[in-house]
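Only one chain is included here, represented as structure tokens and corresponding to the form predicted alone.
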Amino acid sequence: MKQLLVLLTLFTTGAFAADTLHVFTWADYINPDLVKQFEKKHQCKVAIDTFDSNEAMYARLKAGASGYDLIFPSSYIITLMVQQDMLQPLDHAQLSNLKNVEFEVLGKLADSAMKHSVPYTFGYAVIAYRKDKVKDIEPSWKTFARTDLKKRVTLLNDMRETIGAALKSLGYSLNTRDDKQLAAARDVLIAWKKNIAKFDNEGYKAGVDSGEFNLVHGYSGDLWQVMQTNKKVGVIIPNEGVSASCDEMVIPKGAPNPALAHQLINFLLDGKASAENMQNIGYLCPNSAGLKLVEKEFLNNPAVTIPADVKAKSEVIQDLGDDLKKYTKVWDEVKAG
């Protein structure tokens, strides 16, 4: 009887029913070993749900999806989420590892005081190709116009990234609000569309790995992961410049478990954890303590560190406010074209 009472007490106090932290993020974006370490340390379960674009994530939340404790959006969409009161302020008293966030990166972000968001990774949208199948490759967005690659090419199914690539190919800003420049980018994309197999945000990794696709537009960390196991895959950084994005960690309003969400943010900001994470997911973490611990070979990879002259021509995607509807119009015309 005494043993039964002990068991009942354990169940009712939750000793066997660990807290669950619900995370909404990009695919393959946290080192699984770190997730296990965190679960063991905090006697909890981390449930991960994924999205494939900032716009899809935002639309899902606006449609009423709830129950998430921690989300990993890009900085430009965070600005909008703050304006719409979708995020709760962070408690810095629970985040002792904020000191590891690189000051230089903070200075480029709208929320430089980290009131609602904490930088997680810094990455780029670049091009990967099959070295055994694509010859005379040029480091340019105009590569997507090559007819010899027809139907073996993919572009990101992401409005800002893909319109941005077309704008950069023309020498324009990927944050332009100019109607003529956007119309020109639309025409470029409609021409590229004749070459591509599809617009894709997730299958491009497996596709370039298997040889189904010969040229893909994708995120630097994803493509770094493929390069580690397949030496036939190479990465080029378009010389016109690329999109640079900072994904950040935020806690939505109404999060069921904000205290545990703060714990995961702080855990991922630890220098050792940050270094392990970088070398698993292939993205730079703007973490001064972590960058001291990563291997030099990792930092020298072209999918991780881009040339200085190209970096100077690259841009961070910005929130465009009401002018975003111009991009939506262009995107609809590209998809219909």
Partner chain sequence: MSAAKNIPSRRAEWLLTLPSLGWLAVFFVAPALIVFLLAFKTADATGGVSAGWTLDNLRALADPQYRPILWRTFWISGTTTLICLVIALPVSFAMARAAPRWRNFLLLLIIIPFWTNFLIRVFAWKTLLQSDGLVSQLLDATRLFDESPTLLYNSGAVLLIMVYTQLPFAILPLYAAAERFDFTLMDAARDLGASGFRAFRSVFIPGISRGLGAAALIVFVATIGMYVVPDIVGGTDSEMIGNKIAQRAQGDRNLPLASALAAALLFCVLLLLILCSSAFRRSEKLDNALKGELQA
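Numbering follows the first chain given and starts at 1. Being a predicted model, the structure only gives us computed values, none of them experimental.
The following text describes the form predicted in complex with the partner chain, which does not appear among the structures shown.
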Counting only non-hydrogen atoms and a 4.5 angstroms cut-off, does L324 reach the partner chain in the model of the complex?
yes
is_contact(Y124, the partner chain) in the model of the complex, heavy atom dist at most 4.5 Å
no
Decide whether E102 counts as a contact residue for the partner chain in the model of the complex under a heavy atom distance cut-off of 4.5 Å.
no
Although the partner chain is absent from this view, report whether L95 comes within 4.5 Å of it in the model of the complex, heavy atoms only.
no
With a 4.5 Å heavy atom cut-off to the partner chain in the model of the complex, the contacting stretch among 59-67, 272-280, 293-301, 23-31 is 59-67
Quick one: from P258, P139, G234, G211, grab the residue that has a heavy atom within 4.5 Å of the partner chain in the model of the complex.
G211
Residue (of K108, R177, R146, K198) lying close to the partner chain in the model of the complex, criterion heavy atoms within 4.5 Å
K198
Within 4.5 Å of the partner chain in the model of the complex: all of L80, K150 and K193, by heavy atom?
yes
Just to make sure I understand: among 86-105, which residues lie within 4.5 Å of the partner chain in the model of the complex, judging by heavy atoms?
none
